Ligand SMILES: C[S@@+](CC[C@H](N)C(=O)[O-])C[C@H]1O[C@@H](n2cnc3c(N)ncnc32)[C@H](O)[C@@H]1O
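In the block that follows, a single chain appears as structure tokens, in the form predicted on its own.
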């Protein structure tokens, strides 16, 4: 099995130039936060899309990610704290039990949670309003169907059901498409952008078949926003 953490570290610098959809998503997510919170926790921060897209400057911005190379290129100033932490590990938030956050944000990361029920449970213990953007099984839908590959991610209905166990949140589904000159360019994007988890999800044979049979010139993306009002 490919180590997702090592793939994100390996592709950290390339990720910056490929995260077109993630940047759209984070801006949409931040539009929902009306109160300009001053104490923020960003889970799965990556190279800093949330921090760079904010229209206000918080007093404390705590960012966590499991990929050290991502944290190296995350913006840094006197108000940021960066930590290596893997949300797939039990107790990944223990070091923050004494913090008092005003908002917990996670954009384009939690879809890679192994046990999202447990992760949501751990986050809920911080008793802080949340704003999450999570890619769903509608992402790459036609591509995966054409290649006869099961969905990589959870459905939007599953994500809503899981979130309702722990959060009193609103839900909004976003859909985007991104055009490419060739199927080969699509593969390159999937590998470098992080949307595919940094994994080669297709074998060489599947790739060849897909290049001949894929009916679209674009990739589909589906994201669910899960947002609690303050």
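Bear in mind the structure is a predicted one, so any value in this text is a computation, not a measurement. Residue numbers count along the first chain shown, from 1.
Unshown form predicted in complex with the ligand; subsequent notes refer to it.
Undergrad: Could you tell me if all three of 62, 99 and 101 have a heavy atom no more than 4.5 Å from the ligand in the model of the complex?
TA: The answer is no: none of the three residues contacts the partner (heavy atom, 4.5 Å cut-off).
Undergrad: Hey, of 143 to 151, 156 to 164, 82 to 90, 123 to 131, which bit sits against the ligand in the model of the complex at 4.5 Å between non-hydrogen atoms?
TA: Looking at the other structure, the answer is 82 to 90.
Undergrad: Using a 4.5 angstroms cut-off on non-hydrogen atoms, would residue 45 count as touching the ligand in the model of the complex?
TA: Yes - in the model of the complex, heavy atoms of residue 45 and the ligand come within 4.5 Å of each other.
Undergrad: Can you work out whether residue 136 and the ligand are in contact in the model of the complex, taking contact to mean some heavy atom pair no more than 4.5 Å apart?
TA: Residue-level check for residue 136: no, no contact with the ligand.
Undergrad: Within 4.5 Å, heavy atoms only: does residue 187 come near the ligand in the model of the complex?
TA: It does not: once the ligand is placed as it appears in the model of the complex, residue 187 has no heavy atom within 4.5 Å of it.
Undergrad: Should residue 40 be classed as touching the ligand in the model of the complex when contacts are defined as heavy atoms within 4.5 Å?
TA: No - in the model of the complex, heavy atoms of residue 40 and the ligand never come within 4.5 Å of each other.
Undergrad: Could you run down 56 to 70 and flag each residue that has a heavy atom within 4.5 Å of the ligand in the model of the complex?
TA: Residues within 4.5 Å: 65, 66, 67, 70.
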